[in-house]
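First, one chain by itself: the form predicted alone, in structure tokens.
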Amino acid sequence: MDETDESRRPSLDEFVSRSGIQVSYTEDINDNNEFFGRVRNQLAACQSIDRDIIVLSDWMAARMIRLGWVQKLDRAKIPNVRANLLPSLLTRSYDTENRISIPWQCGLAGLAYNGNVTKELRTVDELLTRPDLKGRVTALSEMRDTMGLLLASNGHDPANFTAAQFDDALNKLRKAVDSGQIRRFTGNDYAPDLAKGDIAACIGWSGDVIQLSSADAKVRFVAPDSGAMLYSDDMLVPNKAAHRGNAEALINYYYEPAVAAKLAAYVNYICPVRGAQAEMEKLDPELAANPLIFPDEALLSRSTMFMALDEQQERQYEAKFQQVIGA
């Protein structure tokens, strides 16, 4: 969410002023699985989790939909979504009608490094084996992002792979853990360490790194030579949410191109709203031309979404991954 130095949130404050709806906003989701563990018992028991909107990564959104723990939205209340959702996001298998899980922001998972403390990084194999990076590397606890990058680095397709190919990539990760190359696995909390140079390089998310780069140009995001992972973080209205109508009003508001541009100018993730790039040109032409916010075909052609998993595959792959990362 966009903030000012006074800890105000301009776009959210404008929504409150225009709608009269009061909003309590918190940032307490560091990791999808961690948050799921906190709320699963309440949701399974059909109890409120005291939230009208939650934002989770696409694969966790798919799980929540599969479990029946989120509400369908009224299309008539979110006309801006129907009009302005990017065409590339219209065919998501877990929400073909685009009325349950609405993209908040999209992004890329790839490599990042701090040029103040290390040299340029181009490949996943460098991250996992370069001697000067030993013990100075973190990777993401999000299985799909980390394993998707490793699958691609082995020449496999993260959107269509076999169990044997997954195990092959997992063995590569295990070697990096056992050798001490990887210091730890993180959620969003890697960013301050990367900015300070406490870690030299990592697997990270494009939006985080663009924000760090605005303060220090030597902190850089890299789409690996083997390709990056593409994902969306989606807005969901959980079951028993008390104010679905208010949530729909907020979702619809953020799909106004001018509002979406203001948000994207701050958060620096890939904007899912058609028309926002033209509005961004009025605010910041440099950001409007940034391919990590408005990707060109060259970058998108090297970016892949992780294969959709059924319930059994999800359990098996997550269990193997969690064992390796020590969770």
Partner chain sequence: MTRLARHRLLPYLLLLPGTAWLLLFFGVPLAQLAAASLYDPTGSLSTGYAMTWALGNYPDVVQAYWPQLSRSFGYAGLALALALLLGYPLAYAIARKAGRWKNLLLVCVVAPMFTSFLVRTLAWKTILSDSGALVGLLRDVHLLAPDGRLLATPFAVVLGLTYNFLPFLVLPLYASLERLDHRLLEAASDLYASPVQAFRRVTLPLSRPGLVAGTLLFFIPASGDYVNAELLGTPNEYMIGNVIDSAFLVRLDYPQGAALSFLLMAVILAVVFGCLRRAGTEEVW
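Positions refer to the first chain, counted from 1. Note that the coordinates shown come from a computational prediction; the quantities given were computed from them, not determined experimentally.
Missing here is the form predicted together with its partner chain; even so, the following discussion is about that form.
**Q** Flag R63 as yes or no: does it have a non-hydrogen atom within 4.5 angstroms of any non-hydrogen atom of its partner chain in the predicted complex?
**A** The answer is yes: R63 has a heavy atom within 4.5 Å of its partner chain.
**Q** Report whether the minimum heavy atom distance between R183 and its partner chain in the predicted complex is within 4.5 Å.
**A** Yes, R183 lies within 4.5 Å of its partner chain in the predicted complex.
**Q** Indicate whether its partner chain has at least one heavy atom within 4.5 Å of a heavy atom of I210 in the predicted complex.
**A** Contact check for I210: no, nothing within 4.5 Å of its partner chain in the predicted complex.
**Q** Against its partner chain in the predicted complex, would A319 count as a contact residue? Criterion: heavy atoms within 4.5 Å.
**A** Flag for A319 set to yes.
**Q** Only one of 34 to 42, 281 to 289, 50 to 58, 261 to 269 gets a heavy atom within 4.5 Å of its partner chain in the predicted complex; which is it?
**A** Going by heavy atoms within 4.5 Å, the stretch is 34 to 42.
**Q** Among the candidate residues D216, D74, E97, D198, which is the single one with a non-hydrogen atom no more than 4.5 Å from its partner chain in the predicted complex?
**A** By the 4.5 Å criterion, the partner-contacting residue is D198.
**Q** If the criterion is a non-hydrogen atom within 4.5 angstroms, does every one of L67, R315 and Q323 touch its partner chain in the predicted complex?
**A** Per the other structure, all of L67, R315 and Q323 touch its partner chain.
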